[in-house]
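Listed next as structure tokens is one chain, alone, in the form predicted alone.
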Amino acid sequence: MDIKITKTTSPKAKPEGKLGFGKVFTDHMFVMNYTEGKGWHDARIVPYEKITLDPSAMVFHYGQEMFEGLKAYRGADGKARLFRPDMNAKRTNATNKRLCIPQLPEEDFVEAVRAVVEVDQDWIPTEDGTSLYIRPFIIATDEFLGVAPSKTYLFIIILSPSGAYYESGLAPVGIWIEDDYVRAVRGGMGFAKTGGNYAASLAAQVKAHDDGYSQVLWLDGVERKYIEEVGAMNIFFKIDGKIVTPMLNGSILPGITRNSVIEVCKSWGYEVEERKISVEELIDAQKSGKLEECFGTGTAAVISPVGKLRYKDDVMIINGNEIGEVSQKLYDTITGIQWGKVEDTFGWTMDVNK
């Protein structure tokens, strides 16, 4: 892929002080067009700028859009690294297929990410726990008020320096198991990385926050009894010595951190089960003392220990509301690989500079 690079003549000042998430953006962005009959074309890195779309652009009316999320890290050795961008490329095309968005060559996705991060690599923060968040997305741009796949698209990548997710240690969070709303069903779009899934989660998220819980844990949309995933994370349990997580069934996002955790746990000799887990099983395991740990996994937090689960009138305290041994070890190992502090025996990292 030939990428034309036009650098800004007015670079922004780098942010000072504590970095938040998703509020500050770098100097450049990647853009590529798709036109039916021509394919993906005009790959370019340009100064970060607003985009102009017609009010009738189909993305506004029918939600034909997708996005991804990954990070670049400044290693202890000074090198800039990506973590498993090939997995994001594969997941992009799985989402695209579901949403009738044209397939994007995986090698082009990876190269686009690498190239734009290389241009703005001075924006990768160096403080411990920080990173450069990478947001690739595709939107339908046809000017047409008709329900059909668009014939034109924009693929854009923007970058945002992000602060440490945990500023005061990995404090366990409380999770609300939702028993009213549902997020997704098999045959729907639950496995896809698309905005509609997140819009569907907002009402329950507000309800959970109002009751003092950090996030929502969804049950399946049919029987309303099997654990699926948290709003922004996949979920894991340590039950009687085994690592257990809901199996991918079409309504759960195939998380890249989820996959990494499974591979790492297996390499440590843990038995890992991907299967159905009912909320009743969790309650019974907690009452019998077999529910030893619970943690979420995702790009933002990597590992998020869960100290409390609420389901209707049952409130389950897990591991004394303290982070578990496996949760801590997983966080240290995966972030260690990402920041170049732990040997990458899995071959997951990629240098930004060729």
Ligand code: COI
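Residues carry their position along the shown sequence, with the first being 1. These numbers were taken from a predicted model, which means no experiment stands behind them.
The discussion below concerns the form predicted together with the named molecule, not included here.
- Residue in contact with the named molecule in the predicted bound form (any heavy atom within 4.5 Å), chosen from Ala285, Val46, Ala300, Val59: Ala300.
- Between the named molecule and the residues Phe191, Tyr213, Tyr165, Phe144, the one pair within 4.5 Å by heavy atoms in the predicted bound form involves Tyr165.
- In summary, the region of this chain contacting the named molecule in the predicted bound form, judged by heavy atoms within 4.5 Å and restricted to 171-179, 67-75, 238-246, 123-131, corresponds to 67-75.
- Taking the partner from the other structure, the named molecule in the predicted bound form has no heavy atom within 4.5 Å of any heavy atom of Ile158.
- Among heavy atoms of Leu219, none comes within 4.5 Å of the named molecule in the predicted bound form.
- Contact check for Leu154: no non-hydrogen atom falls within 4.5 Å of the named molecule in the predicted bound form.
- Among heavy atoms of Phe346, none comes within 4.5 Å of the named molecule in the predicted bound form.
- The three marked residues, Arg135, Tyr198 and Ala232, each reach the named molecule in the predicted bound form, with a heavy atom inside 4.5 Å.
- For the partner-free chain shown, just Phe21 of 13-40 comes within 4.5 angstroms of the named molecule in the predicted bound form, judged by any non-hydrogen atom.
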